[in-house]
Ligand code: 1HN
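One chain follows as structure tokens, the form predicted alone.
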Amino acid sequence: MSTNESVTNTPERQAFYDKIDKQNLTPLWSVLGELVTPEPRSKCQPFIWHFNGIRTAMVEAGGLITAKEAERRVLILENPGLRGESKITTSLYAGVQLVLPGEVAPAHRHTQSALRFVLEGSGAHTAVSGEKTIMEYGDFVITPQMAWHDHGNETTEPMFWLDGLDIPLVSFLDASFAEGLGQDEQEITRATGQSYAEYGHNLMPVGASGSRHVSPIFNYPYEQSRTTLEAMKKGGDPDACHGWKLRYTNPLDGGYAMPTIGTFIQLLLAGSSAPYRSTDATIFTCVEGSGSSQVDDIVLEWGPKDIFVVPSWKSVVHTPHTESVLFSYSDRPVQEKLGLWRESRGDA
């Protein structure tokens, strides 16, 4: 079946199209080339948001609206090709959240899965399903779907983190539900850090129960991730495209930590990586180091806390100036489950 040849229009055909349009009918042959494309086409564009600019805007927002009034004081990172849609890629959302000293972002829950990646600050907390975790720079924190969660900052400094959610995907499926708890903070019923203590050391409680589609660990500390990357560096040569790259996993089954969002962290040496492309549009943030990433013919210069996006099936070459660490997330778990995910390494 050819999907890239246009069908010639004629007056007779156009009259037919106009007639059936009144019945909400459209001929497939007139749109097939746009529906079934030879390779991915997306309005998503390569782009970078520098944290200094985001931070300045967030501080200004902090003087205009409280965390409680806003419910979540967040500035959305809208892809320039998807403006007005609250999307960073066609399937994922990104924003930067600010919680000021003494504030609480009130407890609520929703069907959307969420991740937090801490960009600045130390000592604030997220509470999920009756347990608090203390947040530090570089920590990856999960809010599972329909889990009560609230955020608080008892420190003297503001806390900033990257929010990543599957809002566009859930909206596409018409499966969005949300509700507020009716109080600022949920009741705490478990010790701080209990989940990591039980599941984060290659051990788990005998008879462990609960949903297996999301990890029971909801804070993956950066300190541990960085130690593991350093051990990998000493243990073998880097991958030509990715350096040394880790996937955050669910200890219950070894799968992805989240059902709809894949999360990764990688260590790259100075110099250029081999070209790489894949069907999962990916959001990156720099944790350590600095460098640039060339996406097709667009060069994105990044440093610590900057956030950039690589669209689906666009070739990317990372060129760190110094040894660097990148955190990333994408919809790869969904694509893999549907048998759609594809990659290309090198210049192929």
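Just so you know, these numbers come straight off a predicted model, no measurement behind them. All residue numbers refer to positions in the sequence shown, first residue = 1.
Another form exists, predicted together with the ligand; not displayed. Remarks below refer to it.
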The stretch from 248 to 256, 68 to 76, 221 to 229, 269 to 277 that lies within 4.5 Å of the ligand in the predicted bound form, judged by heavy atoms, is 68 to 76
Would residue 167 sit within 4.5 Å of the ligand in the predicted bound form, counting heavy atoms only?
yes
Exercise for review: Indicate whether residue 97 is a 4.5 Å heavy atom neighbour of the ligand in the predicted bound form.
Suggested key: yes
Counting only non-hydrogen atoms and a 4.5 angstroms cut-off, does residue 87 reach the ligand in the predicted bound form? no
* Asked: Taking the shortest heavy atom distance, is residue 140 within 4.5 Å of the ligand in the predicted bound form?
  -> no
Heavy atom within 4.5 Å of the ligand in the predicted bound form, from candidates 110, 242, 213, 132, belongs to 110
Checked 198, 120, 163, 185 for heavy atoms within 4.5 Å of the ligand in the predicted bound form; positive is 163
